[in-house]
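Shown next as structure tokens: one chain only, the form predicted on its own.
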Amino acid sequence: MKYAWPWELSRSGVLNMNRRNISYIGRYNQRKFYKRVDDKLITKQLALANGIAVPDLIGVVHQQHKIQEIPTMVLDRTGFVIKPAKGSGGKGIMVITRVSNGCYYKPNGHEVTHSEIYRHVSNILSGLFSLGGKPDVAIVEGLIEFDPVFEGLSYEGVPDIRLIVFKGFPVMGMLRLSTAASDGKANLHQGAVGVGLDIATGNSLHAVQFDLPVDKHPDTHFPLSNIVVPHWETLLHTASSAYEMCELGYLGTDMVLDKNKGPLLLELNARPGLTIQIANGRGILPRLKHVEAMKSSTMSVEERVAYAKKHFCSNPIF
């Protein structure tokens, strides 16, 4: 494994955790607005009020005795997702991709019994997966229909697109692909593949798994060097719009592509991780400084997206 000196990372424009927390999250994210992104139910309600597409909201379970209503909620569904409103890092998310004769099945084909669902939702309500261990609510939402453009790219899970938005400008992006190691989840620290994306075009630039470069998906063996994310313009506009919606200056937006509905906003993050720099093979700091140095703060969403495409484009480094 290759190591780098701190001064080498600094010279490459890599943003470290302390500087991110103090100079960007602490400076540009007002604490009073955190609940708009830390609570996924509030995020979903805000998105709907602002005309941003999100996965269907089937129902919300607030109390233990309401858990038994879930089978009725999902009666006509072919699949559904249960997630904690205040969870993080993908913890506590249960994905059911098939419902057959009253039985539920995960993406890997394993059956999930009613008692397992009851126990899982009960754990969510008790705060097992929530930030700070506080009591939570369970969101039941519609299953995302996998867009076939990503066929073969991911193992079991649905690929998602993360964009870092600073003061309304999308400054860096990556595609996250689940793997067998990540258990079908799209979290890089759990073993998912991160593919850096060109802000101008949505083309792949570089890819990593466990912080090491890869050129093929480890399970599907799909080449990662020529990926073009469709609906790129819409994804950039949705991410940029989230700035006005939640009023946080430094923000991570996670989105997916549904084959019928197109781009859908999954969630927002007030403390997005820094592995996006590794996936892109370059530091984010020069782009953040560029935006900070700009005097005008009255650009529209369309103007910010056009500006970002022009100034934050990159060359592939595969």
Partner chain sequence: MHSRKPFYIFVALLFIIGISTSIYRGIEHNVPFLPGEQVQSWAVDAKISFNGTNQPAEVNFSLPNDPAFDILVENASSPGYGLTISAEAKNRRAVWSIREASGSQALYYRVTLVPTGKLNIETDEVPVAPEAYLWPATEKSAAEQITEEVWVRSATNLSFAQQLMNLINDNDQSQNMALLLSANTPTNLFVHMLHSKGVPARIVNGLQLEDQRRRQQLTSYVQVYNDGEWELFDVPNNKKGRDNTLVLWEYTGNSVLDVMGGTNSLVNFSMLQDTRSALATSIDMMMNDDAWDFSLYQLPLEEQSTFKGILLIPIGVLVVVFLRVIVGIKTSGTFMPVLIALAFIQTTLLTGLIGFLLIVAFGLMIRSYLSTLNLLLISRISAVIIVVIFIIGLFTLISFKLGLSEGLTITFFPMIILAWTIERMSILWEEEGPKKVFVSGGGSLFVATLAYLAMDNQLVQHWVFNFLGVHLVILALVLVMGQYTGYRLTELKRFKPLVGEQ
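None of the values given here were measured: they were computed from a predicted structure. Residue numbers count along the first chain shown, from 1.
The same protein also exists as the form predicted together with the partner chain; that form is not shown, yet it is the one meant from here on.
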Where, among 225-233, 244-252, 71-79, 120-128, do residues come within 4.5 Å of the partner chain in the predicted bound form by heavy atom distance?
120-128
Is it true that T97, N108 and D258, all three, sit within 4.5 Å of the partner chain in the predicted bound form, judged by heavy atoms?
no
Please check if N16 has a heavy atom lying within 4.5 Å of any heavy atom of the partner chain in the predicted bound form.
yes
Taking any heavy atom pair closer than or equal to 4.5 Å as contact, tell me whether L9 reaches the partner chain in the predicted bound form.
yes
Answer for I278 alone: is it within 4.5 Å of the partner chain in the predicted bound form, judged on heavy atom distances?
yes
In the predicted bound form, is there a heavy atom of the partner chain that lies within 4.5 Å of any heavy atom of S115, even though the partner is absent here?
yes
Within 4.5 Å of the partner chain in the predicted bound form, heavy atoms considered, which of L264, L274, I58, L41?
L274
Partner-contacting position among R162, K86, H217, H206 - heavy atom within 4.5 Å of the partner chain in the predicted bound form:
H206
